[in-house]
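Here we start with a single chain on its own, the form predicted on its own, put down as structure tokens.
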Amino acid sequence: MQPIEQFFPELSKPFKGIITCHQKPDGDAMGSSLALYHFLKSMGHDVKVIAPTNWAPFLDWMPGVNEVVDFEANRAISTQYINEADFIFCLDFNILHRTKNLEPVILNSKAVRILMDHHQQPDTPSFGFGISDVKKSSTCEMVYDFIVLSGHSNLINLDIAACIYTGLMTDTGSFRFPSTTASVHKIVAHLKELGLQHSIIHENIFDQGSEARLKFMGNAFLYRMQVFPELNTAIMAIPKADIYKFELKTGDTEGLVNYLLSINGIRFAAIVIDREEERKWSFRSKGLFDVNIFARNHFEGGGHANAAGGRSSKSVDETAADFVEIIKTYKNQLTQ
């Protein structure tokens, strides 16, 4: 994989490009994709954003989201766009299987793949150009750097600013996580100087939930949460019955795992949700406990040191029981 700087000369020549991200895109995945989309469009390039799956309704306000193509819902036209592309920009994922059913279409394309990501252990041989930096707060921070380092910071408008801020804010836990460096605050200052109204973005992201979602959360805290104070750990296991009962939509469980970390003394939080095809895990931690390593070792996952995901083909009760037994072997790390 060549350094991303080697791609900069291509910006001066018109090309057809596809921008994609991981399945079930979050604020950073959608924010970075749309920020790059607006930038490349302003440079005169023919680009389209293709999301591997649908996304949460709380992202529907974002500038340009109406132009995003959902691959699962539009496979034929998505495949056509990808087959015609010169470049495929791969944002906020480190390995192609994170794009789910979109992966074989990308692999069959003759387009050059370009990586922009901040997750650990990227599959660099799969990309022609790219940058992978785990020290970055978000892929949105990396897109901002890409625009600035390529010499086009003057093209950052309010649409790009809103998209970048969304990923910066969501991936840092509203600027709470250790990844919130001085550089992140400097970027926010620049976006504010451009006229960005940040409070509106917070309202769009956090104040669009349904009554059913609140009832679901109350039920989850009452009946699905287990706390292990002797291990400084909390877990929540959500069965499929709850998803049906409360008619949950994509994004309704977003951020739920973070509430477990708000319990006094809890250093490791986990939530497992019973999805149609598999059980999906989310892991969060405080301090030095590395959930990326934990997820890779036990639940076919990975991510960041303090935020990672995983999966299991077992039932939700079985995989939750496995988790409880596994964490007992980490007692020294979780209590020291």
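Computed from a predicted structure; not experimentally measured. Numbering starts at 1 and runs along the sequence shown.
If you look for the form predicted together with guanosine-5'-monophosphate (5GP), you will not find it shown, but the lines that follow are about it.
Does R284 reach guanosine-5'-monophosphate (5GP) in the predicted bound form if we count a contact as any heavy atom within 4.5 Å?
It does: once guanosine-5'-monophosphate (5GP) is placed as it appears in the predicted bound form, R284 has a heavy atom within 4.5 Å of it.
Contact between K280 and guanosine-5'-monophosphate (5GP) in the predicted bound form at 4.5 Å, heavy atoms?
Because a heavy atom of K280 falls inside 4.5 Å of guanosine-5'-monophosphate (5GP) in the predicted bound form, the answer is yes.
Hey, in the predicted bound form, does D70 get a heavy atom within 4.5 angstroms of guanosine-5'-monophosphate (5GP)?
No, D70 is distant from the partner.
Taking heavy atoms and a 4.5 Å cut-off, does G310 contact guanosine-5'-monophosphate (5GP) in the predicted bound form?
Heavy-atom contact with guanosine-5'-monophosphate (5GP) at 4.5 Å: present for G310.
Taking the partner as it appears in the predicted bound form, which of 293-301, 61-69, 30-38, 48-56 has residues with heavy atoms within 4.5 Å of guanosine-5'-monophosphate (5GP)?
Checking each option against the 4.5 Å cut-off leaves 293-301.
Find the only residue in R98, R224, R113, R213 having a heavy atom within 4.5 Å of guanosine-5'-monophosphate (5GP) in the predicted bound form.
Answer to the contact question: R98.
Can you tell me which bits of 13-39 touch guanosine-5'-monophosphate (5GP) in the predicted bound form, meaning any heavy atom within 4.5 Å?
Contacts from 13-39: just H22.
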